[in-house]
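One chain follows as structure tokens, the form predicted alone.
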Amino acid sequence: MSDANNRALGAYRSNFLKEVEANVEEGHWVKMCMQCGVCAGSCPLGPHWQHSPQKIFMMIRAGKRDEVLTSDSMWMCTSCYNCIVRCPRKLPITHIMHGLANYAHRLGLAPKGQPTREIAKLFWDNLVKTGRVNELKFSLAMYFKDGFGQGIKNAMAMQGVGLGLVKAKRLNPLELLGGHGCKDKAGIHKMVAKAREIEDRRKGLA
């Protein structure tokens, strides 16, 4: 490979790393990964990841932008924090994974139909309305996300669990009427709107 090609390849690789450092939570830690593989071996879902955190970091440094941002790997993280606890360099791996997922979502590159992505979106939409999660509405949204017919089947299959939660007073049917929320809902909405404004400004959209 010629010197010119080597320089071009180096610039391409470093550009994506710089993009991650600038736009992803704790992204500046990516270059500190020493590729030991402890994170991959510590993750309970490790065998099911398309790319382990260790490999994701290597791909970022190699400039594989599309492969990283369209991957469903970041959406597999369940925030168990095993990787952070066992990482020899104490990299905030969990935060980076969620940051990459959020960045991919903002860019419209996150994989469509990825289950945990859909759950995260339903959770967020539920939360920002009142500042607190309405468990019953969130559960129903989960049941019916694939249509009315499938929703009825899901609800019937889970009716035993639902009744148990009602008996244990962990689920209140009256939450359908509104449920509990923060006192200053308008303040919550202003805060979220401001955060979105800041994100848009960072992306150059405002």
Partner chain sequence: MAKKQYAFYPGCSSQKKASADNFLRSIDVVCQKLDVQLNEIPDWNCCGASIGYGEGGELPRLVISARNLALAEKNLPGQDMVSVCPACWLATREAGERLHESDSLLAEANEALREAGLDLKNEVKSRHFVEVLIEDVGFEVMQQQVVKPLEGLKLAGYVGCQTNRPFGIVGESFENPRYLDKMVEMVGAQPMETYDQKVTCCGGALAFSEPEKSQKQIRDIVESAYDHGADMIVTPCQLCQANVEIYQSEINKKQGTRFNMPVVYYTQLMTIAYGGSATEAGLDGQFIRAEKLEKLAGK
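On a predicted model such as this, the values are computed, not experimentally measured, just so you know. Residue numbers count along the first chain shown, from 1.
From this point on, the text means the form predicted in complex with the partner chain, which you will not see here.
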{"item": "Partner contact for Ile188 in the predicted complex: the partner chain, 4.5 angstroms, heavy atom", "value": "yes"}
{"item": "Arg89 within 4.5 Å of the partner chain in the predicted complex, heavy atoms", "value": "no"}
{"item": "Gly160 within 4.5 Å of the partner chain in the predicted complex, heavy atoms", "value": "yes"}
{"item": "Touches the partner chain in the predicted complex: His48 (any heavy atom, 4.5 Å)", "value": "yes"}
{"item": "Heavy atom contacts to the partner chain in the predicted complex at 4.5 Å, residues of 169 to 199 in sequence order", "value": "Lys169, Arg170, Leu171, Asn172, His180, Cys182, Lys183, Asp184, Gly187, Ile188, Lys190, Met191, Val192, Lys194, Ala195, Arg196, Ile198, Glu199"}
